[in-house]
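One chain is shown next in structure tokens, namely the form predicted alone.
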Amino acid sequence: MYELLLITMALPVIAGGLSLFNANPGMLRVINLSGSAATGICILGIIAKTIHGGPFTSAFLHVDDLTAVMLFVVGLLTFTATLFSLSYMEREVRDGHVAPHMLPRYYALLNLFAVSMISVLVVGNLGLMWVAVEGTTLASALLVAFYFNQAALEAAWKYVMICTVGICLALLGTILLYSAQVGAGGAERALDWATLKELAPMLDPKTVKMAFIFILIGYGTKAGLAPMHTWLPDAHSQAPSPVSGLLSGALLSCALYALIRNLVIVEGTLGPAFPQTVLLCVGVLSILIAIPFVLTQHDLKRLLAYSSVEHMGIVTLGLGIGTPLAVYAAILHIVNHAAAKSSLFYIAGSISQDYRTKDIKGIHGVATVAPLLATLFVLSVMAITGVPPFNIFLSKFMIINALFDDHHWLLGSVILLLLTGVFAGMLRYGLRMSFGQKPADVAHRERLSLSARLALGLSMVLVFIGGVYLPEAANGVLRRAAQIIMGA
């Protein structure tokens, strides 16, 4: 397992290095397609070894079922984002938005972003995990600023400033956690997650409570939780669409993963009452804040970004409920959201290229311009809002069900009302853009490239099948991941 983990982290580095020094478009396609496919195969190997052989721990690495779930998300989205990038970035070059010499830098940064996210998931030390999360900021900020126009640079600057402040607070929380570890006599394996989990009942509660607040604010900022979410709409709207899919589906999930790992320690020390109450409040606030921006939005990619704020709130809500059903559903929702939202960003990117705008008012008649794209777009919008039988309906329903099972009658009713508002806004814009008369200056789109169809197909298969069927192996991994979060 150790060697496989090292190979998995080395492959994107190699692909990124080769891309950086290769300006041939054909070679860039081969390098990145083969590199992302090889990385995905290695990730599947890690998941299989974890399922059959149990957790793996070394001096600095730790892989268990929770890691396996998140690795699946990052591996899938890295592969689909690379696939979709092949034709998307070539069209950006043809349309004059990107100079040919910028492509090697794009693919190098995309691979650097991938390896930084994988590192977040496989390290077993909370200090190194913080370093890896900061690494994702550096790699993704350059991708947000990739077009180097005023809007992109402003979004990247805002992203770096807000997330740097947040990550500094997470560092302070991590230092406080180490202080509590030293006080409990466990200094020999500083910030090792497994060691901290064993020591959790002996840690100083006051120090751990303060550490949790800083860690929640810090990693919550990176996860796009309200009210620390303000960087997210700008960054997601200005990055290339394949990167937006990675940011929304994978990066936010990695930040939540870091928060969850710390949450296990905190609940082991304080018990579930305090952290769950705080998470419930943050989750409800994130859903609430997203609604007015969804209902009054004018930018297509910002609309999808505020939807991500809502969904991170739903996951946090599930963690805050804290029952086995709710925690299971929260982990499942991370997977479901990643598949649905990444495909939506890919589709939104293609539509924006056809219409040469992200302004919702300027986009209508997509069904006439690109019937397949419009069909996938409407289905994806329905999926992301939780319409049955798509995958997000299942995890949303389970979380709402857990709320009522846990006797949160009023809160459950409020959440249902809020989700109805998001549903109305998303569906309204989705149908408005898909139907009607197309603009005279927009030509009928040629067929989607094979790579784009494969990327969308992989995501949409999960969206369609995930709501009606869950393989027993996947169910087992999700159950064990939920048990890890609950301290088992």
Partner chain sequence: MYLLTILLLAAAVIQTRMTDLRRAIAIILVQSAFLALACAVVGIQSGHMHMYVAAVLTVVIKVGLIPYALYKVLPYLAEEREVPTKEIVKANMSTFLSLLSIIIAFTLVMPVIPSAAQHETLPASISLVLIGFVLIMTRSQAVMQIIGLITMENGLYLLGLTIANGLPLIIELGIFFDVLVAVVVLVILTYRLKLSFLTTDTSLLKKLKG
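Numbering follows the first chain given and starts at 1. Values in this document were obtained by computation on a predicted structure and should not be read as measured data.
Missing here is the form predicted together with its partner chain; even so, the following discussion is about that form.
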item: Which of 216-224, 246-254, 134-142, 282-290 sits within 4.5 Å of its partner chain in the predicted complex, heavy atom basis; value: 134-142
item: Partner-contacting position among Leu86, Met228, Ala200, Val160 - heavy atom within 4.5 Å of its partner chain in the predicted complex; value: Val160
item: Position in contact with its partner chain when the complex is considered in the predicted complex, options Pro388, Pro272, Pro205, Gly127, heavy atoms within 4.5 Å; value: Gly127
item: Check all three, Gln238, Arg302 and Tyr306, heavy atom within 4.5 Å of its partner chain in the predicted complex; value: yes
item: Contact of Ala155 with its partner chain in the predicted complex (heavy atom, 4.5 Å); value: yes
item: Non-hydrogen atom contact Ser179 with its partner chain in the predicted complex at 4.5 angstroms; value: yes
item: Its partner chain contact in the predicted complex: Leu191, any heavy atom under 4.5 Å; value: yes
item: Phe148, heavy atom within 4.5 angstroms of its partner chain in the predicted complex; value: yes
